[in-house]
Structures are given as C-alpha cells and as structure tokens.
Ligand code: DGL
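The chain below stands alone, shown as structure tokens; this is the form predicted alone.
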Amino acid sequence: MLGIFDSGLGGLTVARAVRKRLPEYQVCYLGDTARLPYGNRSADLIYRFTVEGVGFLLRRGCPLVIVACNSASAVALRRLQQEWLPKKYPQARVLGVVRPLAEHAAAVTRFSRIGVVGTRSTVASGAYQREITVLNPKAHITQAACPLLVPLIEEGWGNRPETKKILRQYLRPLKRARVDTLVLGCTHYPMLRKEFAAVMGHACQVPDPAEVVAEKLADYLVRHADLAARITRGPAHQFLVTDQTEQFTQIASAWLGHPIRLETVVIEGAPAAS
C-alpha cells in the first residue's frame, strides 16, 4: 500500500490526485482527526504526532508514506527522516509536500515573486522560504499565515461570504507584494483554490498543490522502481481516521467525489474515539 498521512481530512485532496495519477496503486489514508489541527501546535508535539501516524502506516505494510500535512512536512519531516526512520524502518521511505511544491513554484514563477500561505506553524518554520531560496536565490517570498481557514473548511463554510472576507484580509500583503505565483501550503486550501485565484487576480497563478505532489510522486516512483515494486496494487483502498463524525464522512466523500467508509483506528498516543 501507498501510505498518505495527514492531520485531518485535508490530505484527501492529495489522495484523490494520487489515485487519479497513479490508479494502479492501493492507497492507505490515515487522518489524525482526533488531534487536528496540527498547525497551532508546538514543534515537539507535531513531531511526536507525525512519528506516531507515520509509524502506524509503516506497521500497516506501507513501504512509502507521503506526509500530506504541510505543518508536519515543514516542522517534523526532516528530523523524522534523519533520526527516526533510519533506526526504526531503514527500508522504508517517507516523503513530504514542501519540497515538491517549492520546486514547482521556483520553476514556474515568472518574476520571482512567490507567495506562500499556510498554517501558523508552516509559515513560522520558514521551510518554504528555505527550499525556494535554494532553488531560486533571486526569489522574493511573501508569506501569510491563515489560521482560520482550516476550521472554516472543515465546517463546510468554504463558500460562505464570511470566509471570503477573511480570505481577502489574509491575502492583502501578498497582493501588495504583487506575487506572480501563490503556493497553497495547506492540504485544505485546494478546496478554496478558485477563491484564492479570484482574490489574487489573473496576474497570479495558483497551482493545484495536490496535482503537483501526485506528479512529483509519479516521477519519484519511476526513478525508484525497486520501491515502487513493493507497493501493493489494486483498488482496495483504505481510509482511516482517529475520530469520525457524520460531518467528517460527508466531507470526505465530497472531497473524493464518491461515497466512502471511514474506519476509526487508534494510533499510539492518540485518544480513543468516544
């Protein structure tokens, strides 16, 4: 199985894109919905949660796990790859979303004015700024934390006037900076991609981060055929969460485009669902 880990349901945007781009692979999705959001947590807590979630998927038989959560990718991934993975699962691979999105932004920007939006922890980590600057030293990067968007999206308020008003407020500094490429540094934000594009205007491109990650993953698997051969093929996808409500199920089905059954699981350290 190909593991996809997220702090909640936002990573389903990545799961949908991966299934479309790589339909032959069986996907095992894990959303840590009992402990979302990660974006306002400390770095140490995000790291612990990420290790627990990734470890669950590796024990489940996934030789490759994509950390779809931007907060986890930005704050915890490098430490996980360098310190934890070689000791616990040396044959496995864990990838994130920051690097592929940074590569894409650095490649497509027209005037080297790049904007990044994400959770507080993602923006505060400076991960996108570091990655993009390495790839494009001339890039001028403007970042904005958008902490209210995730709970609004989770509540199904994406199309509400209140959400659009908040979005315009968040994007003001990026519009002033005249960014030509906007990185949606949160897996939830593709659900508001049209709204982001409308606020930023025609002069700013807003790539779909899920599609970028799926395309980069396809290229990675071509270059690592031995790893690809270890991933189970077939349509028996699994969608796991650490807590669920009827609303979660409705949102998950809507984001994937078809009804699904969410299975509640307990991962090490996560509270059991009541």
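Throughout, we count residues from 1 along the sequence that is shown. Worth saying up front: this structure is predicted, and the values here are computed from it rather than measured.
Absent from the display: the form predicted in complex with the named molecule. The rest refers to it.
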| query | finding |
| --- | --- |
| Answer option from L192, V150, L80, L174, heavy atom within 4.5 Å of the named molecule in the model of the complex | V150 |
| Contact test in the model of the complex: G55 vs the named molecule, heavy atoms, 4.5 Å | no |
| is_contact(G31, the named molecule) in the model of the complex, heavy atom dist at most 4.5 Å | no |
| Contact of V116 with the named molecule in the model of the complex (heavy atom, 4.5 Å) | no |
| 4.5 angstroms heavy atom contact with the named molecule in the model of the complex for P37 | yes |
| Stretch in contact, per heavy atom within 4.5 angstroms of the named molecule in the model of the complex, of 86 to 94, 117 to 125, 192 to 200, 164 to 172 | 117 to 125 |
| Stretch 207 to 228 - residues with a heavy atom within 4.5 Å of the named molecule in the model of the complex | none |
